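Single chain ahead, written as structure tokens, the form predicted on its own.
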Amino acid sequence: MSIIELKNVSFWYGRKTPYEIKALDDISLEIEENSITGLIGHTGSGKSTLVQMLNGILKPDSGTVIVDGQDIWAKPREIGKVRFKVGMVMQYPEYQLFAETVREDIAYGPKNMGLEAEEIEARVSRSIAFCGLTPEILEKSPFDLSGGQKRRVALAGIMAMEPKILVLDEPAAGLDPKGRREILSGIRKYSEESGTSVIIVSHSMEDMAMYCDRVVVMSHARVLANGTCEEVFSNHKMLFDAGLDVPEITSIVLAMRKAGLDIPENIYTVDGAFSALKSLYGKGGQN
């Protein structure tokens, strides 16, 4: 079942000026409920413009954006309500922190929802737990935290509103490998336990292959492909033609095949490669 549907959505920057750029070109797309969907594409393909359509930051010049069965622009004066349903974490969200304490920052969204103090505190506690933070951090200034901690606090502030849909633009950008794993595995766990639908924009093919259920590929303001990780990452030519790469492990597998190893080409995770090699070298008594 679809939680988001875009119907023939187009958008221009600087429309009817000499600097007009078509950012989205007649896009129709469905995002499945209770899933993690990756959104990939080269710079300028329209990824960030598309996700800003989902909670009304941008309004389409034509077409319809449907969230949870409702046209979000049917009642323009109520567009603010959509932003409680679709939580958006922009790239480098730590720059969005502003309150004197971590507690105040995370509680800001739930307070604006008009929730009771007890419920707000419960949501603050749940969100920091999901983001791998401890209660001791709540009384600290967000500006005294490390970069990774700031990222988690900003994410917790969105999670505290408990949106049905969570949209993340490069959530692991600038983090070391350990930090990337912690953030993305936490998001995966949060989605599975809460039933929240998640959309992740990323340039990392490895992250997409490891953490997403489905992948949408954008190119030149249009949707080029939409399918499972296996369907998308096995289409090497399509990705290369779109100026994208395949996961690094897929490149290694293709090189192995070229060297004569009889392993499948549609491998896009390290676990998948390990299983294929184990099966290959387990044949005929080979070690």
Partner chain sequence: MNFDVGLGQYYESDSVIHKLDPRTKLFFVIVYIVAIFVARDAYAFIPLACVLVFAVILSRVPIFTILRGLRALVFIVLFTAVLNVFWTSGTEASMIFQYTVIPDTWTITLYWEGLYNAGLLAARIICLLVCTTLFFSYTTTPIELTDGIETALSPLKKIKIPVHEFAMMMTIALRFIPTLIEETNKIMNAQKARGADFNNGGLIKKAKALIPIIIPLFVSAFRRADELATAMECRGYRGGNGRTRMKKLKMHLRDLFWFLIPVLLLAGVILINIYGNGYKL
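Just so you know, these numbers come straight off a predicted model, no measurement behind them. Residue numbers count along the first chain shown, from 1.
Here the subject shifts to the form predicted in complex with the partner chain, a form of this protein not shown in this document.
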Is there any non-hydrogen atom of Arg180 lying within 4.5 Å of the partner chain in the predicted complex?
no
For Ile158, is any heavy atom within 4.5 Å of the partner chain in the predicted complex, or not?
yes
Given that the partner chain is not shown alongside this chain, does Ile57 nevertheless sit within 4.5 Å of it in the predicted complex, heavy atom to heavy atom?
yes
Spell out, yes or no, whether the shortest heavy atom distance between Gln52 and the partner chain in the predicted complex is within 4.5 Å.
yes
Looking at heavy atoms inside 4.5 Å, which stretch does the partner chain contact in the predicted complex, given the options 133-141, 171-179, 79-87, 188-196?
79-87
The partner chain: the contacting residue among Thr101, Ser125, Ser146, Asn112 in the predicted complex [heavy atom, 4.5 Å]:
Asn112
